[in-house]
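Taking the form predicted alone, here's one chain by itself in C-alpha coordinates.
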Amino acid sequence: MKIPVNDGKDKGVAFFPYVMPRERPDMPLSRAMDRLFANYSEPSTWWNELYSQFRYTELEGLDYRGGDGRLTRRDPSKVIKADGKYYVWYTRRSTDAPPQGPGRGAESIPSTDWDLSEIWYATSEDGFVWEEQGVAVPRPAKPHPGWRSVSTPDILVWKGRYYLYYQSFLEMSGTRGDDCPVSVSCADSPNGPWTPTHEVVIPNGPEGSWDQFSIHDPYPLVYKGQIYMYYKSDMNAARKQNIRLQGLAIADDPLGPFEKCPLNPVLNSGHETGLFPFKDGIAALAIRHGNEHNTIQFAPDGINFEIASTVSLMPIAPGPYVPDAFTNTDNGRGITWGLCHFTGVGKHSILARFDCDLSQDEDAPNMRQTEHWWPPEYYYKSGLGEAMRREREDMARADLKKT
(Lines give C-alpha, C1' and ligand atoms only; values in the text may rest on other atoms or scores of the structure.)
Protein backbone atom coordinates (compact mmCIF):
# COMPACT_ATOMS: atom_id res chain seq x y z
CA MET A 1 0.00 0.00 0.00
CA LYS A 2 1.37 3.36 -1.02
CA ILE A 3 0.91 5.92 1.72
CA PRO A 4 0.07 9.35 0.29
CA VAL A 5 2.25 12.20 1.50
CA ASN A 6 0.38 15.35 2.31
CA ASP A 7 2.87 18.15 1.75
CA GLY A 8 0.24 20.72 0.94
CA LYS A 9 0.72 20.37 -2.82
CA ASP A 10 -1.49 17.33 -3.43
CA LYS A 11 -5.00 18.69 -3.22
CA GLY A 12 -6.40 15.16 -3.40
CA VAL A 13 -5.18 14.24 0.09
CA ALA A 14 -7.35 15.58 2.92
CA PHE A 15 -5.86 17.17 5.99
CA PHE A 16 -7.09 16.25 9.43
CA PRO A 17 -8.59 19.55 10.59
CA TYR A 18 -6.85 21.87 13.03
CA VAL A 19 -10.04 22.32 15.08
CA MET A 20 -10.90 18.96 16.61
CA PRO A 21 -14.22 17.73 15.21
CA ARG A 22 -16.73 16.34 17.70
CA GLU A 23 -17.74 13.61 15.22
CA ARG A 24 -15.65 11.38 12.98
CA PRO A 25 -14.67 13.19 9.78
CA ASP A 26 -15.42 11.47 6.49
CA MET A 27 -11.83 10.65 5.57
CA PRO A 28 -9.30 7.83 6.01
CA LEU A 29 -7.98 7.69 9.58
CA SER A 30 -5.30 5.77 11.42
CA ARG A 31 -6.52 3.13 13.84
CA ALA A 32 -5.64 5.41 16.74
CA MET A 33 -7.71 8.32 15.41
CA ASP A 34 -10.56 6.07 14.36
CA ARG A 35 -10.62 4.62 17.88
CA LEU A 36 -10.83 8.14 19.29
CA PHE A 37 -14.24 8.62 17.68
CA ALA A 38 -15.48 5.02 17.83
CA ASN A 39 -14.63 4.08 21.44
CA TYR A 40 -15.29 7.28 23.38
CA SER A 41 -18.32 9.49 23.83
CA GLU A 42 -16.12 12.47 22.95
CA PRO A 43 -12.73 12.68 21.18
CA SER A 44 -11.20 14.84 23.94
CA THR A 45 -11.18 14.74 27.73
CA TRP A 46 -12.28 18.39 27.69
CA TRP A 47 -15.77 17.23 26.67
CA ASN A 48 -15.87 13.70 28.11
CA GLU A 49 -18.33 13.72 31.01
CA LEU A 50 -16.78 10.51 32.35
CA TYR A 51 -13.27 11.91 32.60
CA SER A 52 -12.00 13.80 35.63
CA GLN A 53 -8.99 14.45 37.77
CA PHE A 54 -9.37 13.61 41.44
CA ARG A 55 -8.36 16.02 44.19
CA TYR A 56 -8.02 15.17 47.88
CA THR A 57 -8.64 16.90 51.20
CA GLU A 58 -7.78 15.79 54.74
CA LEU A 59 -10.88 15.32 56.89
CA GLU A 60 -11.39 17.23 60.11
CA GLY A 61 -12.88 15.83 63.30
CA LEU A 62 -11.50 12.26 63.33
CA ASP A 63 -8.65 11.40 65.72
CA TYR A 64 -6.27 8.44 65.27
CA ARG A 65 -4.62 8.36 68.73
CA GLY A 66 -1.26 9.45 67.47
CA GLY A 67 -1.18 6.94 64.63
CA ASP A 68 0.29 4.01 66.56
CA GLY A 69 -1.74 1.44 64.62
CA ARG A 70 -4.29 0.64 67.33
CA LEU A 71 -7.09 2.71 65.77
CA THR A 72 -7.97 2.58 62.08
CA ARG A 73 -10.79 3.81 59.85
CA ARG A 74 -11.19 2.58 56.29
CA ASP A 75 -13.60 1.34 53.61
CA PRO A 76 -16.21 4.13 53.66
CA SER A 77 -19.70 3.42 52.38
CA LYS A 78 -21.50 5.61 49.89
CA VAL A 79 -22.34 8.94 51.48
CA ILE A 80 -26.07 9.59 51.85
CA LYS A 81 -28.10 12.60 52.92
CA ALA A 82 -30.71 12.19 55.69
CA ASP A 83 -32.19 14.41 58.40
CA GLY A 84 -30.33 17.44 57.02
CA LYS A 85 -26.89 15.80 57.36
CA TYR A 86 -24.50 13.62 55.43
CA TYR A 87 -23.96 10.09 56.75
CA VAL A 88 -21.16 7.61 56.12
CA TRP A 89 -20.41 4.15 57.53
CA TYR A 90 -16.96 2.56 57.62
CA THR A 91 -14.69 -0.13 59.02
CA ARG A 92 -13.31 0.87 62.43
CA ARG A 93 -10.79 -1.16 64.40
CA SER A 94 -9.81 -0.23 67.96
CA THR A 95 -7.46 -2.81 69.47
CA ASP A 96 -4.77 -2.97 72.14
CA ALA A 97 -2.15 -3.82 69.54
CA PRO A 98 -1.55 -3.00 65.86
CA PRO A 99 -1.94 -5.70 63.17
CA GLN A 100 0.58 -8.54 63.36
CA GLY A 101 0.36 -9.73 59.75
CA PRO A 102 -2.04 -12.03 57.86
CA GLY A 103 -2.83 -15.12 59.91
CA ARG A 104 -0.58 -14.05 62.79
CA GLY A 105 -3.12 -12.51 65.14
CA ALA A 106 -4.75 -13.97 68.25
CA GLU A 107 -8.06 -13.86 70.08
CA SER A 108 -7.78 -10.15 70.80
CA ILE A 109 -4.86 -9.22 68.53
CA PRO A 110 -5.62 -8.33 64.89
CA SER A 111 -3.89 -10.02 62.01
CA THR A 112 -4.74 -7.35 59.43
CA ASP A 113 -5.97 -3.77 59.44
CA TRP A 114 -9.58 -4.95 59.04
CA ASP A 115 -9.44 -7.86 61.50
CA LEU A 116 -11.39 -7.56 64.79
CA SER A 117 -13.22 -4.54 63.41
CA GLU A 118 -16.75 -3.14 63.66
CA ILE A 119 -18.97 -0.91 61.52
CA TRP A 120 -19.13 2.68 62.81
CA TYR A 121 -20.66 5.84 61.37
CA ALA A 122 -20.14 9.59 61.28
CA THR A 123 -22.14 12.63 60.19
CA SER A 124 -21.25 15.97 58.62
CA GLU A 125 -22.88 19.22 57.63
CA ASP A 126 -20.40 20.10 54.88
CA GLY A 127 -18.57 16.89 53.87
CA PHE A 128 -15.24 18.18 55.25
CA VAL A 129 -15.72 18.16 59.05
CA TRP A 130 -17.08 14.87 60.42
CA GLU A 131 -18.36 13.88 63.84
CA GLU A 132 -18.13 10.22 64.79
CA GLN A 133 -21.44 8.98 66.19
CA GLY A 134 -20.55 5.50 67.41
CA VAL A 135 -20.91 1.86 66.50
CA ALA A 136 -23.62 0.81 64.05
CA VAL A 137 -22.91 -2.92 63.71
CA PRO A 138 -20.75 -4.62 66.36
CA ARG A 139 -19.30 -8.08 65.91
CA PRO A 140 -22.02 -10.62 66.69
CA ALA A 141 -21.60 -13.51 69.07
CA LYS A 142 -19.99 -16.68 67.79
CA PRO A 143 -20.94 -18.62 65.65
CA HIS A 144 -22.89 -15.97 63.68
CA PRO A 145 -21.25 -14.71 60.48
CA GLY A 146 -19.00 -11.80 61.38
CA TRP A 147 -18.08 -12.99 64.87
CA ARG A 148 -14.41 -12.48 64.04
CA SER A 149 -14.81 -9.20 62.15
CA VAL A 150 -17.35 -7.11 60.25
CA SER A 151 -15.96 -4.70 57.69
CA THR A 152 -16.30 -2.88 54.37
CA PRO A 153 -19.93 -1.72 54.65
CA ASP A 154 -22.22 -0.11 52.15
CA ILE A 155 -25.67 1.36 52.47
CA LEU A 156 -29.00 0.83 50.70
CA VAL A 157 -32.19 2.85 51.23
CA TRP A 158 -35.23 0.87 50.08
CA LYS A 159 -38.87 1.74 50.68
CA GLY A 160 -38.08 3.93 53.68
CA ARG A 161 -35.80 1.44 55.43
CA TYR A 162 -32.00 1.32 55.68
CA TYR A 163 -29.83 -1.72 54.98
CA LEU A 164 -26.14 -2.09 55.75
CA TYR A 165 -24.27 -4.81 53.85
CA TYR A 166 -20.81 -5.85 55.00
CA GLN A 167 -18.17 -8.56 54.92
CA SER A 168 -18.65 -11.09 57.71
CA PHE A 169 -15.50 -12.94 58.72
CA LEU A 170 -15.85 -16.36 60.35
CA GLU A 171 -12.11 -16.69 60.88
CA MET A 172 -9.00 -14.60 61.30
CA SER A 173 -8.05 -12.74 58.13
CA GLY A 174 -5.17 -14.53 56.47
CA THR A 175 -6.00 -17.98 57.81
CA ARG A 176 -7.02 -19.14 54.33
CA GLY A 177 -6.57 -15.92 52.44
CA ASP A 178 -9.32 -13.38 53.03
CA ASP A 179 -12.38 -15.58 52.74
CA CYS A 180 -15.80 -14.34 53.82
CA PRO A 181 -19.43 -13.91 52.69
CA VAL A 182 -21.74 -10.86 52.95
CA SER A 183 -24.31 -10.24 55.70
CA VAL A 184 -26.86 -7.45 56.28
CA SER A 185 -28.39 -5.44 59.12
CA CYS A 186 -31.61 -3.39 58.90
CA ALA A 187 -32.91 -0.22 60.56
CA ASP A 188 -35.74 2.30 60.32
CA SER A 189 -33.33 5.22 60.77
CA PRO A 190 -29.76 5.92 59.66
CA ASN A 191 -28.98 6.25 63.37
CA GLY A 192 -30.16 2.71 64.06
CA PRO A 193 -30.68 0.62 66.01
CA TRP A 194 -29.50 -1.93 63.47
CA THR A 195 -30.91 -5.46 63.58
CA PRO A 196 -28.64 -8.12 62.07
CA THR A 197 -30.24 -10.97 60.14
CA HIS A 198 -27.28 -13.26 60.94
CA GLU A 199 -27.75 -14.68 57.45
CA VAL A 200 -25.45 -14.87 54.48
CA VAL A 201 -27.00 -12.63 51.83
CA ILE A 202 -24.65 -13.28 48.92
CA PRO A 203 -23.08 -16.73 49.19
CA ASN A 204 -19.74 -17.74 47.82
CA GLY A 205 -19.74 -19.44 44.45
CA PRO A 206 -19.46 -23.21 43.99
CA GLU A 207 -16.12 -24.97 44.14
CA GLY A 208 -13.97 -24.08 41.17
CA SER A 209 -15.78 -20.83 40.40
CA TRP A 210 -14.10 -17.42 40.33
CA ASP A 211 -15.86 -16.28 43.54
CA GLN A 212 -15.68 -19.53 45.50
CA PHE A 213 -13.76 -18.01 48.42
CA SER A 214 -14.58 -14.34 48.88
CA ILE A 215 -17.42 -11.91 48.32
CA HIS A 216 -15.97 -8.49 49.11
CA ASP A 217 -16.99 -4.84 48.89
CA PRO A 218 -20.80 -5.19 48.53
CA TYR A 219 -22.11 -2.13 46.70
CA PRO A 220 -25.90 -1.79 46.15
CA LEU A 221 -27.65 0.50 43.67
CA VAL A 222 -31.31 0.63 42.64
CA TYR A 223 -31.50 0.16 38.88
CA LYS A 224 -34.37 -0.87 36.64
CA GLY A 225 -36.56 -1.34 39.69
CA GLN A 226 -34.25 -3.93 41.24
CA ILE A 227 -31.32 -4.02 43.65
CA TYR A 228 -28.05 -4.36 41.74
CA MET A 229 -25.38 -5.56 44.15
CA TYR A 230 -21.87 -5.26 42.74
CA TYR A 231 -19.03 -7.04 44.52
CA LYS A 232 -15.39 -8.03 44.19
CA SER A 233 -13.72 -11.40 44.48
CA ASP A 234 -10.12 -12.61 44.52
CA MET A 235 -9.09 -15.48 42.29
CA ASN A 236 -5.90 -17.25 41.19
CA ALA A 237 -4.42 -16.99 44.68
CA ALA A 238 -3.08 -20.56 44.53
CA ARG A 239 -0.45 -19.29 42.10
CA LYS A 240 0.34 -16.31 44.38
CA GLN A 241 -0.83 -13.99 41.64
CA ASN A 242 -4.11 -12.58 42.92
CA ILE A 243 -6.51 -11.35 40.26
CA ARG A 244 -9.42 -9.15 41.27
CA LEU A 245 -12.64 -9.14 39.25
CA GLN A 246 -16.04 -7.57 39.83
CA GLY A 247 -19.38 -9.38 39.82
CA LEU A 248 -23.06 -8.55 40.05
CA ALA A 249 -25.99 -10.09 41.93
CA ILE A 250 -29.58 -8.89 41.46
CA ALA A 251 -32.59 -9.09 43.79
CA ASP A 252 -36.13 -7.77 44.17
CA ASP A 253 -35.82 -7.57 47.95
CA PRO A 254 -32.95 -6.28 50.14
CA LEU A 255 -32.80 -9.62 51.97
CA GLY A 256 -32.66 -11.58 48.74
CA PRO A 257 -32.53 -13.99 47.23
CA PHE A 258 -29.78 -12.45 45.11
CA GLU A 259 -29.26 -14.08 41.73
CA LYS A 260 -25.79 -13.78 40.31
CA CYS A 261 -25.48 -12.43 36.79
CA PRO A 262 -24.84 -15.24 34.26
CA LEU A 263 -22.17 -13.04 32.60
CA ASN A 264 -20.14 -12.67 35.82
CA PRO A 265 -17.55 -11.28 36.19
CA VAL A 266 -18.87 -8.05 34.69
CA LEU A 267 -15.65 -6.04 35.19
CA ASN A 268 -12.23 -7.53 34.43
CA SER A 269 -10.28 -5.00 36.53
CA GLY A 270 -10.45 -2.99 39.72
CA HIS A 271 -10.11 -3.56 43.44
CA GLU A 272 -12.77 -1.87 45.58
CA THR A 273 -16.10 -1.30 43.86
CA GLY A 274 -17.28 2.25 43.14
CA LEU A 275 -20.27 2.78 40.84
CA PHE A 276 -23.08 5.24 40.19
CA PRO A 277 -26.07 5.71 37.87
CA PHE A 278 -25.10 7.79 34.85
CA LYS A 279 -27.60 8.76 32.18
CA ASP A 280 -29.44 5.53 31.32
CA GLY A 281 -26.71 3.16 32.57
CA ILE A 282 -24.11 2.56 35.28
CA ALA A 283 -20.61 4.04 35.48
CA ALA A 284 -17.80 2.24 37.32
CA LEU A 285 -14.43 3.23 38.74
CA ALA A 286 -11.90 0.48 37.93
CA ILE A 287 -9.18 1.07 40.49
CA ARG A 288 -5.70 -0.32 41.13
CA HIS A 289 -5.72 -3.83 39.60
CA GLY A 290 -6.03 -5.47 36.19
CA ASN A 291 -5.33 -4.60 32.57
CA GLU A 292 -7.98 -1.90 32.69
CA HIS A 293 -7.04 -0.33 36.02
CA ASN A 294 -7.19 3.46 36.22
CA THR A 295 -10.20 3.63 33.94
CA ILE A 296 -13.75 4.84 34.25
CA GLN A 297 -16.16 2.51 32.49
CA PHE A 298 -19.79 2.65 31.42
CA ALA A 299 -22.47 0.00 30.84
CA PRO A 300 -25.76 1.09 29.26
CA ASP A 301 -27.35 -2.03 30.81
CA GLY A 302 -25.39 -2.12 34.08
CA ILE A 303 -23.64 -5.31 32.91
CA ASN A 304 -21.61 -4.85 29.73
CA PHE A 305 -18.96 -2.28 30.57
CA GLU A 306 -16.72 -0.43 28.12
CA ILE A 307 -13.86 1.96 28.90
CA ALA A 308 -15.04 5.58 28.85
CA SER A 309 -11.79 7.23 29.95
CA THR A 310 -8.36 6.60 31.43
CA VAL A 311 -7.57 8.58 34.56
CA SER A 312 -4.92 8.84 37.28
CA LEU A 313 -4.70 9.06 41.07
CA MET A 314 -8.08 7.41 41.52
CA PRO A 315 -9.64 7.30 45.00
CA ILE A 316 -8.92 4.09 46.87
CA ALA A 317 -12.04 2.39 48.27
CA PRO A 318 -14.33 5.18 47.06
CA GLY A 319 -17.59 5.93 48.84
CA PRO A 320 -19.08 8.63 46.60
CA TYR A 321 -22.03 10.84 47.38
CA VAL A 322 -24.58 9.52 44.88
CA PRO A 323 -27.83 11.53 45.30
CA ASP A 324 -29.75 9.24 42.92
CA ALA A 325 -28.28 5.92 44.04
CA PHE A 326 -31.69 4.65 45.19
CA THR A 327 -34.20 6.69 43.14
CA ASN A 328 -34.44 4.19 40.27
CA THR A 329 -33.47 7.01 37.93
CA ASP A 330 -33.25 6.56 34.17
CA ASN A 331 -31.04 9.64 33.86
CA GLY A 332 -28.26 9.37 36.45
CA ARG A 333 -26.64 12.71 37.16
CA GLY A 334 -23.20 11.49 38.28
CA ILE A 335 -20.95 12.40 41.20
CA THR A 336 -18.74 15.29 42.35
CA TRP A 337 -17.33 14.13 45.72
CA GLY A 338 -17.11 11.36 48.27
CA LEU A 339 -14.86 9.72 50.83
CA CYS A 340 -12.05 7.22 50.35
CA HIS A 341 -9.22 5.81 52.42
CA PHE A 342 -5.44 5.88 52.47
CA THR A 343 -3.69 2.75 53.74
CA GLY A 344 -0.12 2.26 54.84
CA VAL A 345 -0.20 5.28 57.14
CA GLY A 346 2.01 3.51 59.63
CA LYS A 347 -0.03 0.44 60.63
CA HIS A 348 -3.43 2.05 60.25
CA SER A 349 -5.63 3.66 57.60
CA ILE A 350 -7.35 7.04 57.43
CA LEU A 351 -10.46 8.39 55.76
CA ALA A 352 -10.13 11.31 53.32
CA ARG A 353 -12.30 13.30 50.94
CA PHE A 354 -12.03 13.25 47.15
CA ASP A 355 -13.54 15.70 44.69
CA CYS A 356 -14.07 15.26 40.95
CA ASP A 357 -16.35 16.26 38.09
CA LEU A 358 -18.16 13.16 36.86
CA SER A 359 -21.48 14.94 36.77
CA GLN A 360 -23.91 16.14 34.13
CA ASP A 361 -24.70 19.11 36.36
CA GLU A 362 -21.22 20.58 36.82
CA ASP A 363 -18.58 21.91 34.47
CA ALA A 364 -15.22 22.24 36.21
CA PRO A 365 -12.46 22.84 33.60
CA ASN A 366 -9.75 22.53 36.25
CA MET A 367 -10.82 18.88 36.67
CA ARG A 368 -10.37 18.20 32.93
CA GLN A 369 -6.59 18.53 32.84
CA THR A 370 -4.76 15.29 32.03
CA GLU A 371 -1.50 16.17 33.76
CA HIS A 372 -0.44 16.08 37.38
CA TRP A 373 2.63 18.07 38.31
CA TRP A 374 4.52 16.69 41.29
CA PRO A 375 8.01 17.44 42.65
CA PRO A 376 10.77 14.84 42.10
CA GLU A 377 10.45 13.65 45.70
CA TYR A 378 7.01 12.27 44.88
CA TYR A 379 8.47 10.03 42.16
CA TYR A 380 11.47 8.99 44.22
CA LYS A 381 9.12 7.54 46.83
CA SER A 382 8.35 4.86 44.25
CA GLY A 383 12.02 3.93 43.90
CA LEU A 384 13.48 0.50 43.24
CA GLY A 385 14.32 -0.40 46.80
CA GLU A 386 17.75 -1.60 47.88
CA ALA A 387 17.49 -5.21 46.68
CA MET A 388 16.27 -4.37 43.18
CA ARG A 389 18.78 -1.54 42.85
CA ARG A 390 21.66 -3.91 43.64
CA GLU A 391 20.26 -6.35 41.08
CA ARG A 392 20.11 -3.63 38.43
CA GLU A 393 23.63 -2.45 39.30
CA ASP A 394 24.94 -5.99 38.80
CA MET A 395 23.10 -6.22 35.49
CA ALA A 396 24.69 -2.97 34.32
CA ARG A 397 28.22 -4.08 35.26
CA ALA A 398 27.72 -7.41 33.50
CA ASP A 399 26.44 -5.61 30.42
CA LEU A 400 29.48 -3.32 30.33
CA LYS A 401 31.80 -6.33 30.37
CA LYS A 402 30.24 -7.74 27.22
CA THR A 403 32.27 -7.29 24.07
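For clarity, every value in this text was computed on a predicted model and none was experimentally measured. The first residue of the shown sequence is 1; numbering continues from there.
Unshown form predicted in complex with ligand AAL; subsequent notes refer to it.
- For the three marked residues, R73, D154 and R353, no heavy atom of any sits within 4.5 Å of ligand AAL in the model of the complex.
- Screening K279, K232, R139, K260 for any heavy atom within 4.5 Å of ligand AAL in the model of the complex leaves a single hit, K232.
- Among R176, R161, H198, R288, the residue placing a heavy atom within 4.5 Å of ligand AAL in the model of the complex is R288.
- Of the candidate stretches 74 to 82, 318 to 326, 116 to 124, 103 to 111, only 74 to 82 has residues whose heavy atoms lie within 4.5 Å of ligand AAL in the model of the complex.
- In the model of the complex, ligand AAL lies farther than 4.5 Å from every heavy atom of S183.
- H216 belongs to the set of residues with a heavy atom inside 4.5 Å of ligand AAL in the model of the complex.
- Shown alone here, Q297 lies farther than 4.5 Å from ligand AAL in the model of the complex, counting heavy atoms only.
- Within this chain, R333 is remote from the site of ligand AAL in the model of the complex, having no heavy atom within 4.5 Å.
- Contacts between stretch 261 to 279 and ligand AAL, counted in the model of the complex as any heavy atom lying within 4.5 Å, involve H271, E272, listed in sequence order.
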